[in-house]
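We've got the same protein chain twice here, in two forms, each standing alone as structure tokens: structure 1 and structure 2.
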Structure 1
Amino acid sequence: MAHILHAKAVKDGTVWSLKLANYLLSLCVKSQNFDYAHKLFDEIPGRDVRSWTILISGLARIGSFRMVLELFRTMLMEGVRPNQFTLSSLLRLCCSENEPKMAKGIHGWILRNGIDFDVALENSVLDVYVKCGAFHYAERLFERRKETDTIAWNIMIGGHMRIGDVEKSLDLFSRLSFKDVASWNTIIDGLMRKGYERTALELLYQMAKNGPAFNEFTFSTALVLASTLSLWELGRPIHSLVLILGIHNKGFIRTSLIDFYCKCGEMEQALVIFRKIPQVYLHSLNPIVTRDESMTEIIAWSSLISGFVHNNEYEDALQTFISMIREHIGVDRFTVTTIASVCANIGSLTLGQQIHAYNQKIGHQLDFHLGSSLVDMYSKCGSLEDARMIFKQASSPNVVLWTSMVSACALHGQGREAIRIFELMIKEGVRPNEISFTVVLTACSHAGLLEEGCNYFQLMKEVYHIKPGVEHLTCMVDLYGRACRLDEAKEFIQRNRISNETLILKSLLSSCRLHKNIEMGNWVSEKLLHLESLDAGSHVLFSNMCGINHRWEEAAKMRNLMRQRGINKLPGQSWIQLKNQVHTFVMGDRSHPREAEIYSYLDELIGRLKEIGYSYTTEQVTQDVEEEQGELFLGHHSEKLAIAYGLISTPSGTPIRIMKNLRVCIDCHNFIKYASQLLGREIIVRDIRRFHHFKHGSCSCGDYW
């Protein structure tokens, strides 16, 4: 429109007035036609401060930092004095680009040149110091101001929340005499982001009762709060209200609704909202879609994918991701990270490699978020070397990325390597957090490194002043228990006054089973059954321990108790992925199309393994049956069936990768060791606790799991 009016004016010989020129320039800037705006700007005779401000503010909105600074310098060289609006635009750009040094320079220039501070300019200075991390400057300015409007108070409320001073932020909010909708939004959103969801909820109810009317941002924040707390009774009325007000199709409200229903497990309702997105927005290459609208739709797709993952619907998540690519929707880092977690959960190395390659194609850099996600994905898919490669490629690793690499080594039974990386992290000046200590203690537990684990537990408490959580205490009990120091484990529980943490007690019961300590097992079982009378794991652990100790009557009594209480044991499952198809097996499974080949090969293989020393570990059979029947139980475990299928379906020398939903038993562990020796195959098993890499008759866990 601007260039048409310009051409007509030139053709008609219209007098080229400054007012008309500035009007045309503002039209160009609003339509983001900056090439023509620059051309028009150069032709304007006698450009005034308004001309410069229009172009500078327009470029500032799209983040052209260097270009804006160059224009500002040229403006000053030409003797044009900037006004408050020009300077506010520059300060806002410093905010968005996180340039505190430049902001201080502009502030100093304002003071040196005697520019009058209006309220808007004062607030811009305040805002830039808050958002650029120079909070002490902002506090000083706020205290010195004779008159402060609500906007200034809102800036400081948000600023205190940003640095984690929640108490001060709430104090300022309570002292604010007139609270507008932005004040309420700032405090509620800030509390929610800092993990004070319940306090945020209380204030939301106060706002609804006594505060101003909700605006679109309030509704969106309320929906996010409902999602976080899974409050169906809050989210549903809000949905009804935004429908009544006709704002349900606003981009960020729609994405908040999708996220709410996903978090509440209502994927069908989330899909209904998603499918109502106007088709004109679903193509990021569409020229009439603005950048903000395009980002909103990317978030909508990402929220839907994340929702499928949250509800363990991994296949739907992958299909949605594929559709997202086909529709030419831009894929952000968050979506790549989410899909990488899908690959990790299903253990698909091939798919994970494809996602990694796609990320390289679209050009997302390996920051610590994406890097840690890919490290986790590769480690959980069984490729520790690829995880190491990603770790080395990532720029400026932070504690999250370092911890992911320590965790990867722990998962693969490389306890010493996990400790080496943990020590290197500390040496590099990265402060470990509570999760870092959880994974290094887990590494010590998996590798039987009791002394090292005890040292790290003390380091965590005494040097880093981290209060031990349930995870840390569980690791320590597991460490003592695996080392057959059950009395010390019990003493540790009593010393730390742990009386009702079932996870810790289950760890100790598992150790009692491992070392056949029936007396202590009885003590732990009584506590567990009192705490969780309907928990299958506790019943099964005790029943199995009785069976291993040939106390069949007690084992049978426990199984009868489970039946009476309607408690079902989780069946063991193993699965293998070949040619993008997942094949799942359970013990004695006859449902596979190639079951005759599988069983025939497995029986033949067991016979060959017996010739080189393998024998059934029948003590693992937890029911009072004849030895021959016990061998039949063991011979058809799900992991054996999955491995047999993998062996008959892949070329010789190809590694076999399987996953199991429970811990691998001793007999299957021995079976796989002998199979890897006889066949010269690497067999990689991911059970519920860790990876086992079987090669040349030995396992990476060192028979310690």
Structure 2
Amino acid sequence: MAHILHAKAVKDGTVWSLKLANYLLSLCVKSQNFDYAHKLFDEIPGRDVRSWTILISGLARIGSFRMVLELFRTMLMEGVRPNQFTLSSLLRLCCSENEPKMAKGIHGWILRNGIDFDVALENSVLDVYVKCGAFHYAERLFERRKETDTIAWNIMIGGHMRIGDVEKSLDLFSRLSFKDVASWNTIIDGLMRKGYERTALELLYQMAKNGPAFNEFTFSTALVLASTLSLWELGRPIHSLVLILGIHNKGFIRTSLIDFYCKCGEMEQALVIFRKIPQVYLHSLNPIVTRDESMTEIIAWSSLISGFVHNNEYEDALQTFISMIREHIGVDRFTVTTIASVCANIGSLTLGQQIHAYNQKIGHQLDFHLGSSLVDMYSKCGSLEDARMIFKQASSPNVVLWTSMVSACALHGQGREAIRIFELMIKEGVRPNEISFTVVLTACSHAGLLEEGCNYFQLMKEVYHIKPGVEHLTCMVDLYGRACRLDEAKEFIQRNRISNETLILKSLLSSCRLHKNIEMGNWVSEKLLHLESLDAGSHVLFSNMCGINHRWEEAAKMRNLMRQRGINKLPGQSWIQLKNQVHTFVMGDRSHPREAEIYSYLDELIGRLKEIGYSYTTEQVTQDVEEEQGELFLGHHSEKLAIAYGLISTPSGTPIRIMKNLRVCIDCHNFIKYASQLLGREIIVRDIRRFHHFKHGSCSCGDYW
């Protein structure tokens, strides 16, 4: 638009005043048309410090560090003396680009050249030191100042918050006699970020009562608070207020509203807000879409996508992503991170690979979030090698990234490797968090590494002072249980007073079944019954266990109880993805178009496998099989059907990947081992907890799962 005005001014012979030129320049800068801005800038006769400042501050806003520095140098060479605005812009850029050295240089230059420090410039200096890690220096500057305005105070309140000194920050805030909106916003937002949500909430209510009126920042922060706490009662009235004020379509507020409704599980409402036409299109036929506005759109879309993910609606998440690309909204790192997690959740390797390739095409750097998400995606989609490859690309991983890698190894049954990586993380000086310990303990438990598990449990408590949570305790019970140390498991439960924890009892029950210990099984079941939390899984576990020990009466009693309570067990399902199509099977499924082929192939295969030593495992000890079902059903378990279909639909030598919604059963596990040997095929099964890689007649889990 500015260039049209420019052309018109030239054509009309309008006086080429500096004021007009600077105004046009600022229009160009505002609409991000920097090519034209440069051209215009070069043509301004007798450009002054304001022209320089407009261009410099515009470029600083979009983070063109090098270009800004070059302009600044040229400016000095041409003998133009920068003013306080120019210097503030430069300092702000140093801040956002994290360039403390440059900031010090500029500060020195200001001092040497006797530039007047106005309050704003002093604040810029203060801010740069707070944010670039020279906090003590900033503190000294702050104490030495004669005049401090509330902005300086706000910078320091935020600064203390940033370095994690919540107390000091609150103290400064309380000492501030005049608290402006920004002070309130800073302290509330800071408290929220440091996990003091309740305090933040209290202050927000205080502010509503006695403080200054909310501004857009406050509304946005309040909505985020409502969203993190899933506080419907807080978000709703704020939504009303924002509607009354007519600011509901403003960027930050709109995106915060979308996120609020998503986190409260109200996707319908979120969609209503999402679909509002952004204001910019209402006011102008020829809209100037600035960076801020296109950014808002990306965030609105990404919020919606992550909302679907939060509500486990992966299909909708993907559809939204596809529309986002189709409408050329733009995809940033946040979006890719979320979509990668969708791929992880649905376990689609092909889709995951496409997302990874797409990211390489658009060139987003792998930051910690994206890196972890991709590691997790590859591991949950069955490719440990690719997970490792992504991990190697990160130069200095953080806790989450390390933990994702440890988790990947655990998931694929590589307990020793998981431990090795965990140790490496500690050696690199990265402090493991509670999740890291959950993961490493799970790895130990899956690999049957009792001693190592116990050591890590001690390490967590004594060295890292992390209080064991239910997850850690469950891992320990699992660890003892799987290692057939049932008495120790029971003792552990009693010592830690956790016999009321359903998850823990269920883990023990599962071990009782594994080791056929019906006495202990009874003890656990009684506890579970008492808690009224015997779900389908535990009912089946218990009744199966009775079956092994020929306690048919007890088994029947349990099944009756299940019927009475109307508990339905989850039907076992397996699926395989071939050429962008997902084929799902349940036990004895006849609905597939190629069912005849599948069954005849499967029956023939079972016959051939029996010749090399396979036989039905009649102990039907899975969670999803009831006792009365005979050999025929066992032969047609969903995983066998999915594998048979995979085998007849792919060329020999291709690995087969299938997924199951429950644990894989012992008989199928056995069957797959023999099949992998006879057919020379790699078969990869993802069950509800982990991966099984079958190759040359054995499984990566070492038959311990």
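The first residue in the sequence of structure 1 is number 1, and each one after it adds one. All values derive from a computational prediction rather than experimental measurement. Take the two forms, find the largest set of C-alpha atoms that superpose within 1.5 Å, and that set is the rigid core.
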Next item on the list: Decide which single structure shows the form predicted on its own, answering 1 or 2.
Entry: 1
Check: With both forms fit on the core, is the shift of the CA atom of residue 367 between the two structures 2 Å or larger?
Finding: no
Check: Core-aligned, is the CA shift for residue 52 between the two structures 2 angstroms or more?
Finding: yes
Check: Comparing between the two structures on the rigid core: C-alpha of residue 41 shifted by 2 Å or more?
Finding: yes
Notebook entry, point to check: Rigid core superposed, residue 265 Cα shift between the two structures in Å?
Noted result: 3.6
Item checked: Cα displacement of residue 75 between the two structures, once the rigid core is superposed (Å) -> 7.9
